[in-house]
Every structure is written in C-alpha cells, then in structure tokens.
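Read the single chain below, which is given as structure tokens and is the form predicted on its own.
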C-alpha cells in the first residue's frame, strides 16, 4: 500500500483518510493538479493510493481491480478516482459499473451549471442536477443469445431501487434548497418497469409537498433539456436514460470536461470526473483538471468539509472568470490566457479565498452526507399463477404452422392463447405484413381465467419436449393482489 504524506494537518478538523486512484491516460496529471489544490486549500485529508485500470487489467485481472484495492476502498469508505482505460476485448468488464454495483453506489449525482459568458454555451442560466439510478435497469448486464436471430438484455427495475433513488432526489433537493424534482421515464411503452419507477416517484413525491414535482416521457423530456434546460432543477431517472442525459446536460453547459460526479451509497462513496482517460493527450500537460477538481469538491462536502469545498470551487470560478483557460475551453475574445494542467491548478491556488464577481459563488453546508431513511419492505401481496409464456426457437415464418404444432402440447388446463414475435401479436389474426424472426413468445393460460399450478407447467414443458419444440426460455405469468403483472402483446 502506497501511503502518501497527509495533505494538510489542520487543528480545526479531524483528519479523514481517503483512497485515491490516479487512473490511466491523463489521470495522473489531473489527479496531481487536484491534490495540489486540495493541499493548498487546507483539506484535512490523507490519501491512500491504489492502482486500478489498464495495468491491472493487462496483468491478467479481468476486473481491473485487486483485492488489496477493494480493502482500501471498503476501509476508507471514500474513493477519489481519475479516469481509467478499459482494454479492448470482450473479456474485460467495466470497472466503473463493477464498483457501482459491488459497493451499492445507488445514486449518481451530476451538477450541470453553465459558466456564461466565460465558457461558450447556448444556455446561459442553466443550473440543474441530474440524479441517476446507478445499479439496475439494463445495466444489470444480463444478456443472452437465444436464437440465431435474437439476443436479449433483461431490464430489471426493483421497488427498493426505485424508492432509494427517488427519495434521494427529494432529500437532495430539500438539503440544497432546490424547488422542483422532475422524473423522466418511458412508461407509455414499458408499463411494468418504467411504470414502477413512475408509480414510486408519485408516492414519494407526495411526502414532500414543499417541493414541486413533475413527470415527462423521456423522449420529450430529453428534447426539453436540450432546448430549455433552465426549466429544470433536480432530475431523477433510471440508469440508461441518466447515463445518456447527464452527458448531454454536461456538454450543453459548455464542456463535458468541466463536470464532476458523485456516486453515493449508504456507506461508501466514489467521486470522479465524467470524462474519459484521453490517452491521445496524456503527458502533454494540456488536460483540463476541472472535472476531477469539481468531483473533489463534492467529496469534501460529503465528508463534512464544505467550507474547504466552497473555498476551492469559488477560486475555480474566479479562475474561469479571469479567462485563464486550458486548451479545451480556450476561445479567442473570451479567454485571456491559455495554460496547461498544472498552471491552471496554480491559478486556482492563487485565487483561494477570492470570490467570483460575475458568476454565482457557491455556498456549501457542512455535513452533506445526509442520512437516508431505511427502506422498509412492503407487506407481501397475494401472488397467483395465471399461465406461462414459452419462448420458442422456430425457423418457420408462418405463425399458423407454429400454432398447429403448439396445439399438440395443450393440456387440460393450459391452452394456447397467443403468439407474438418481437412483442407483436401474430396469432391469432396476425397480419401478413408483420416481419417475423425465429424467436416466438407463446402464451398458455387457463381458458376460464383461473389459476394454475407448477405441475401444470411441468406437464406442458414435458409435452413440448416430446414433440421436439425448442423452448429456450419460460416466464411464469403472475397476478399480484389481482393485478396482472405481465404485458400483453402489441396489437391486442
């Protein structure tokens, strides 16, 4: 373990040990610049350095992180991480995703503020925070090839996952004096998964009557963020939408390179710039350290050193305001001096204790690691088995031919009700115009609409095996307290 000297021994604060990872590409340069600023500002921290990323991957560790590094993070509970490089190839997993899921970092927090007129943007008064669910959705990473033509990726949305992230968004708004929380989903199409997220958003919002709330379908919501971001305050959404739109929001402030993010769990937290490792400019002293520096400010606020975070971020704003810019944001007529990575950090240090004159100064409260209520599991519902969807690999193109074959396996309780292909009903009464692949969903239920048993399903599967129908997947159809828990086919 490489234990670096403590950055600053102040008498005012208890020292906090954090783990740092310098990363790959431009990572070591921007980390050094960030540490220099933290030291000069009087951050009461000492750092424990670990190595993660490309070298660890190429040493044969396909996760990109060692047990030794995990131990450091879990002991210190705070990680400041520079960007890393994931080698090309299917054998290497994303370390960011691994860390977020393994450590339970359920909330990704990305403030997106414009710096008009000092950084060019079409949205001069933009000031929003995107809070992204960080652990589930399509990022569960559960994928399978099921037929020659079709692969699947499971979208997993849970009640605890929804409630934790939505409640965090409202608690964040409450703590920071924000006025509105907006939810973005696609529940007009994904009525079960995104529908659950929206439902829980409405339930939690009712507990915060002092904070305005609204919901948008994600496509029009994304358009509105790109067009009029000043209309938004705190925005909460599932993982995939949040991943995409947080980058969009950061870019339209002026540059993705300026943004930092926090990844928050009940116990651990990880702070990082949102940009990549940019190996093409590594070692040239031209990278902008602002993203990691702003992430470090979020970290300081998280560990109760909000006054230091405030001092650093106001000095950074003053530096931007002074026109001292790195090449990525330098613009003739606006910028006054183009500097490299370390010189930019030195300019921030020179401005410590100063306030911006045109840009809005920041003000951090102490102890922003607010406590979340413990999730309480709701009482179990009455769960009733109504039928089964059999997914079959069948190379024919005529649904009638498959239906005739499936009718051979019907039992006294389970009858074929519907066949869909890619979610569209093709039997009975399908259209010739509908294009079909070799992946078919075949629904069997009790004709009277009653409940069935697991033995009924086993009997059906046995019959399918007898007549050589290739069943590649099954999904039981349940109702919960009498409410159907499964989708119908499009066209029904």
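Owing to the predicted nature of the structure, the values given are computational and were not obtained by experimental measurement. Positions refer to the first chain, counted from 1.
Separately, the form predicted in complex with a small molecule exists; it is not shown, and the next lines address it.
Judged against the small molecule in the model of the complex with a 4.5 angstroms heavy atom cut-off, the residues 83, 280 and 328 are in contact without exception.
The closest non-hydrogen atom of residue 41 lies beyond 4.5 Å of the small molecule in the model of the complex. Mapping the unseen interface onto this chain, residue 133 falls outside it, with no heavy atom inside 4.5 Å of the small molecule in the model of the complex. At a distance threshold of 4.5 angstroms between non-hydrogen atoms, residue 96 is in contact with the small molecule in the model of the complex. Contact check for residue 164: every heavy atom lies farther than 4.5 Å from the small molecule in the model of the complex. Of the listed positions (315, 409, 256, 126), a single one reaches within 4.5 angstroms of the small molecule by any non-hydrogen atom in the model of the complex, namely 256. Only one of 275, 198, 302, 186 comes within 4.5 Å of the small molecule in the model of the complex through a heavy atom, and that residue is 275. You can rule out all but one of 285-293, 187-195, 412-420, 168-176: in the model of the complex, only 285-293 has residues with a heavy atom within 4.5 Å of the small molecule.
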